[in-house]
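Heads up, what comes next is one protein chain in two forms, each shown on its own as structure tokens, labelled structure 1 and structure 2.
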Structure 1
């Protein structure tokens, strides 16, 4: 089989290459994938089975996020050093120290307090969408929800959600001509986010503390540790992208899965208590983050395949979440799936998603409200997909809320 797991045009046309993933899991689960000299990235080891993705994720000492960062594309050396200040691109013990500083804003108790507010946001969004002559589920429901929540977490004006949305599109859509004409525009968006974070920090210091994550991040912890300004800026960037993209694309992909599997939507409408399991199944099925990159720190092996120090290793969550050795009927969308050991929030270890409780809560509440208010929601046009091998994203999904 011809294998190309990173062809952005394929993702835009058809979504993740599940046929290739299936073949690789069966025949070459640790596969040497040729690079592309014209695009400036080297060959890499593609890791496609659940057990192996978990192994790589839980051994940061062997598979580093710090050496050449965690994203697939290669960056110039002068950009690498700044990006190493981002939590995403760090290894323990530095990662452990900095994660402990930001974790204060994402504990289950803190996130649990947001449930009713998230429910109010969902109802408001649906009320507003109901008044529109045409409804795009992405634009009018799935995208605004996490943006409202991010503004709440940052203590930012709700009016800022539009520019946060635009920044996020430019940052993750640099390969999609609809969102960014060049990687330089993505870099410009990052600089705008840094300036925005600086302004948030300055305003909080001037006006005094508030009950939001900005205040918690700027305050020293029990050991007197505090985030530096660059660290704070990069965390705000990470929150804007990860906090927006995961929920937005999981919700959009989940709604599309419901349209493609109407019996599952009928189950949820009949039994809203399935919403918790539904959220997990949506994350497994969609795998909003398709891949992350690591760099081998020493000669090692994965499933008997020799990996050399310095080799690029890429884990594919979209493949691991369809692994036949782990999931019964993995290509079936089942909102009552139990157990569901998906790794849509990462394979464990140091980089398990900090916002997983928040993302699952947003999905749970959104689909509860949708099932209650609009049991007859239907798709009215074709979905369009993001041109990206990093984010399994949907750009548009036309719907009708009523028959």
Structure 2
């Protein structure tokens, strides 16, 4: 089979290349994928089986995250240094300290307290959408939800939402021409976010502590360790980048999956207590983050395939989440799937998604509210997809909320 796992146009037309993934899992689970010297990205080992993605994710000593964010384009050194300050691009032990400082803001208990806030936000969005002559599920529901939740986490005033949304689009610098931002625009947006985060921290310090995540992050931990201002700024940037696109595309990909599988929607409407499992199945099914890249730190092997020090290794969550060795009927969208050991939030290593409890809560509440209020929601036009091999995204999804 001809393998091309990076063709952006394919992703824009059809979504992730599940037929290639299936073939690779069966025939070449650790596959050497050619790079493109002209466009400046190197070849890599494509890892497509669940067990192997978990192996790579859990061995950050062998598979480094340094230089990871630059998926296919090598960054100039000064940008690598800047990126390296961010959690996603760090390796233990540096990563461990920083992660433990932010973990305390994202425990299930802390996040659980947001449930009613999130429900209010969902209801507000839906009330507003109901007034519109035409509803685009992405623009009117799925995109604003995680944005408003992050603003809530940061204690950002309502009037700043638009600005934060615009930064998030520029920062992700998606390959899709409709959203594309030049590296300079991305850099400028990052600078604006840092200044914003500085102001946020200063305002919070002046106004005194509140029962919120920013206060918790700015306070020394039990060992007296505290996030530096730069660390705080970078973390705000990461929240904006990591929390928005992912959840937005999970919500819209989940809604599309319901339209394509009406019996599953009917099941949720009849039994909203399935919403917790639905959230997990949506993350498995959509795999909003399709891949991440690591760099081998030493000669090693994956499933008997020799990997040399310095080789790039790309793990495909979208493929691992359809692995027939792990999931019964992996190509069936089953909102009650149990067990569901998907790895849409990562393969369980040091970088396992910090926002996983939050994302699942947002999805659970959104689908509960939708099933309760709009049991007859239907799709009114074709969905369009994001031109990206990294984020499995939906750009537009026209819907009608009532018959």
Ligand code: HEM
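So that the term is clear: the rigid core is the largest set of C-alpha atoms that superpose within 1.5 Å between two forms. Positions refer to the first chain, counted from 1. From a predicted model like this one, the values you see are computed outputs, not experimental measurements.
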Structure holding the form predicted alone is number 1
Checklist entry - With both forms fit on the core, has residue 189 moved 2 Å or more by CA between structure 1 and structure 2? => result yes
Would residue 132 count as moving between structure 1 and structure 2, using a Cα shift of 2 angstroms or more after superposing the core as the test? no
Q: Would you tell me if residue 219 moves between structure 1 and structure 2 by 2 Å or more at its C-alpha, with the rigid core held superposed?
A: yes
Core-superposed C-alpha displacement of residue 230 between structure 1 and structure 2, in angstrom, equals 3.1
